[in-house]
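Shown below, as structure tokens, is a lone chain in the form predicted alone; questions about how it binds or moves come after it.
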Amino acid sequence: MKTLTYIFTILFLSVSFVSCSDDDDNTPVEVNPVEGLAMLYKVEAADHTVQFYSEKQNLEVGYNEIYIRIKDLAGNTYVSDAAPSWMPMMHMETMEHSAPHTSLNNTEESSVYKGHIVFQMPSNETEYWDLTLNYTLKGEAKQEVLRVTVAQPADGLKKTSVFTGSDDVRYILAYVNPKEPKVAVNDMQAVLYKMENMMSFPVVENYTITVDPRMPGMGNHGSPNNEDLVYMPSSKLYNGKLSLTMTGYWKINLKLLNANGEVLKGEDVTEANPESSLYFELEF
């Protein structure tokens, strides 16, 4: 009898253990929608906060993806219907101007808004950038003006060009991807804007950007299977292929052609001309 009682006790404990394990397996796992991003700024208001995130550790001259969340402190929840809009502004000693930027849109996580800004110049002691953010919270219009610091890229490499084309139009061309280049044929992306005036920077559509990567330290050799960047209306980015056959320093020589195939900026790389006047730099 004692033996049977012992066996039933073991079975009861085993079933209880399995049941508890099943409950644990079904516990929902909370996903952090900004995991891996750095929170660069946090604006604290009386009843809410506004948080600014980036993949980088600080804002830099060039292309910057920025993520924004607005937290309602009363409910301890993040707001998904804030309809935010923003305006970057550079305050110089003698003038003010904005920068190319997109609208802010909800991501797959609706309480996270995303957009990008292409800063053309860094901040310094007397000249600075700020972001004016407009949004709604519980039906009430809000505005925050945040002074931000924009630095030169930490690697010192050129990934943004501001230039006047042969058509006398001022352009801003910025590198987007690959963020982590590999020895392979990489998907490449860039953005192209023109400066309509000090406040307006429309996207340039249907141009072509030729790609000719070279290694100046290795006899200026090139690589096969590159594809020119062409405009994609769905993303408003220029997409192409960048072939990198080894690690090291690469100069990505570029040429900008308008819709008629006329060269607006840049030159072919030849023995007499080792580099284009329009280029990006990579080192990995």
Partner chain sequence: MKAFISVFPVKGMRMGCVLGVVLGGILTSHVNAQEYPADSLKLINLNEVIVISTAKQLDHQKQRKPLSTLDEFLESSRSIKMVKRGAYAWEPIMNDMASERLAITIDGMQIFGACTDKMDPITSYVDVSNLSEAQIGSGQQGAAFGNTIGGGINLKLDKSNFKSTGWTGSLESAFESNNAMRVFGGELNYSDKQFYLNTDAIYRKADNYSAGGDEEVQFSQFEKYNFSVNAGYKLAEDKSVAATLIYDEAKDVGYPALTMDVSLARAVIGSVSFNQDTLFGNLSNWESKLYYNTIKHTMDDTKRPDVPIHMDMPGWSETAGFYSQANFNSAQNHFLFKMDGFYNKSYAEMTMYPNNSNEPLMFMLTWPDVRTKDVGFYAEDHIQFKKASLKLSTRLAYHSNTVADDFGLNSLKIFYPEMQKTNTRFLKSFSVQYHDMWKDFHFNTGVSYGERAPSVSEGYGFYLFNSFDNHDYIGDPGLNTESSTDVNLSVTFKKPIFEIAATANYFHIYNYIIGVVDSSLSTMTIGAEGVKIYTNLAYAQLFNTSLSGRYNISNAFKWTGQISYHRGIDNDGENLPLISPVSYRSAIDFYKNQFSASLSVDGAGEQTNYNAAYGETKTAAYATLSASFGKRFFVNENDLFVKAGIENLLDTKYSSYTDWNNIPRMGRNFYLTISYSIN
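Numbering follows the first chain given and starts at 1. Since we're looking at a predicted model, the values are computed, not measured.
The same protein also has a form predicted together with the partner chain, omitted here; what follows describes it.
Contact annotation: of the candidates Val230, Ala38, Ala259, Met246, the single residue with a non-hydrogen atom within 4.5 angstroms of the partner chain in the model of the complex is Met246. Checking Leu237, Ile68, Met215, Val34 for any heavy atom within 4.5 Å of the partner chain in the model of the complex turns up a single hit: Met215. Using a 4.5 angstroms heavy atom cutoff to the partner chain in the model of the complex, none of Gly165, Met199 and Pro202 count as contacting. Under a 4.5 angstroms non-hydrogen atom cutoff, the partner chain in the model of the complex lacks Asn58 among its neighbouring residues. By the criterion of a heavy atom within 4.5 Å, Val185 is counted among the residues contacting the partner chain in the model of the complex. Although the partner is absent here, Lys42 is not a contact residue: none of its heavy atoms lies within 4.5 angstroms of the partner chain in the model of the complex. Among heavy atoms of Thr49, none comes within 4.5 Å of the partner chain in the model of the complex. For the stretch 260-283, the set of residues having any non-hydrogen atom within 4.5 angstroms of the partner chain in the model of the complex comprises only Glu283.
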